[in-house]
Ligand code: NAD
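The chain below stands alone and is given in structure tokens; this is the form predicted on its own.
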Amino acid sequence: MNFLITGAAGFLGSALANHLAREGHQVRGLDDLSAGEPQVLEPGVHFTRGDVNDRPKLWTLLQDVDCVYHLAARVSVPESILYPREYNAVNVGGTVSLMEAMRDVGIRRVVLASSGAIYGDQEVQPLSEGQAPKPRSPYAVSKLAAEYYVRTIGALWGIETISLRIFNAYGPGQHLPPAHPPVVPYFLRQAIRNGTIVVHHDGGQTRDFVYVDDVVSAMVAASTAPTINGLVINIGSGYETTVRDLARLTMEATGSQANVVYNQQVEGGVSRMCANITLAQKKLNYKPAIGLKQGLRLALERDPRFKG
């Protein structure tokens, strides 16, 4: 098959692109490199640097494509609180631009990378797709708006759409920006340095940590699975882990003597997150295979940044 992946040089985008290329598919990648690095892409991926709002470039890249994976987005909750207009322009405006270009070229299917963050704080756990969203950050609002745009205009224009609500994905190659880094690579980096691991609030807040290879397996399945048009589907591990336990498991995996300290809760965060993955199991034959302990070990083994 022929694929276009937006955000192809990012963490999930590059993992997906490299997997598809190794499987013998024709893969085109688009990324503005605001967070990604093109050197992580294997030679089989045909990479183009560019913006998802660049319509002429999209028209060229979409020629003869069977399915589009839309992963281009700004993804930091704290950053989105500071720059909501930018998050709306990229995450919402970029999605609409892509859908318009797909309509013009005649593309049949798009898989949107959405986020479990759209649920916000919910009393009922695990979270199922039928629960009403309660977004608590501009990032979460932008991903929810992207879902609605994809599903609504896809139905109007005859484009099959699938939105995957990805929970806390982690693994080798995850971007580690100086400000507001994702929790797993941040904990690993601090642990191997025997530095200080900062845990927000009391560490009792929970997340559903899902290894990158399991996310890729779900995305691959979504490109061809039948009877999923218009659906939103949770992609997680199905297990709930406290951030305090994540710190402990990280220390165990690294043999670290790092100092763990606690501070105030980050604004825009949520108390509990755990994915109900029943729909993914039914529609995508999704079977997450890598638990958190094993995933942390794999991240340490496969990511050169964590070598001693």
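Just so it is clear, the model here is predicted, and its values are computed rather than measured. One rule holds for the numbers: they count along the sequence shown, beginning at 1.
One more form of this protein, predicted in complex with nicotinamide-adenine-dinucleotide, exists but is not displayed; see below.
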Picking from 152-160, 125-133, 107-115, 197-205, which part of the chain touches nicotinamide-adenine-dinucleotide in the model of the complex when contact means heavy atoms within 4.5 Å? 107-115
Residue 168 within 4.5 Å of nicotinamide-adenine-dinucleotide in the model of the complex, heavy atoms: yes
nicotinamide-adenine-dinucleotide contact in the model of the complex: residue 74, any heavy atom under 4.5 Å: yes
Hey, in the model of the complex, does residue 103 get a heavy atom within 4.5 angstroms of nicotinamide-adenine-dinucleotide? no
Quick check on residue 269: any heavy atom within 4.5 Å of nicotinamide-adenine-dinucleotide in the model of the complex? no
Check 172, 183 and 185: does every one of them have a heavy atom within 4.5 Å of nicotinamide-adenine-dinucleotide in the model of the complex? no
So which bits of 21-54 sit within 4.5 Å of nicotinamide-adenine-dinucleotide in the model of the complex, heavy atoms only? 31, 32, 33, 34, 35, 36, 50, 51, 52
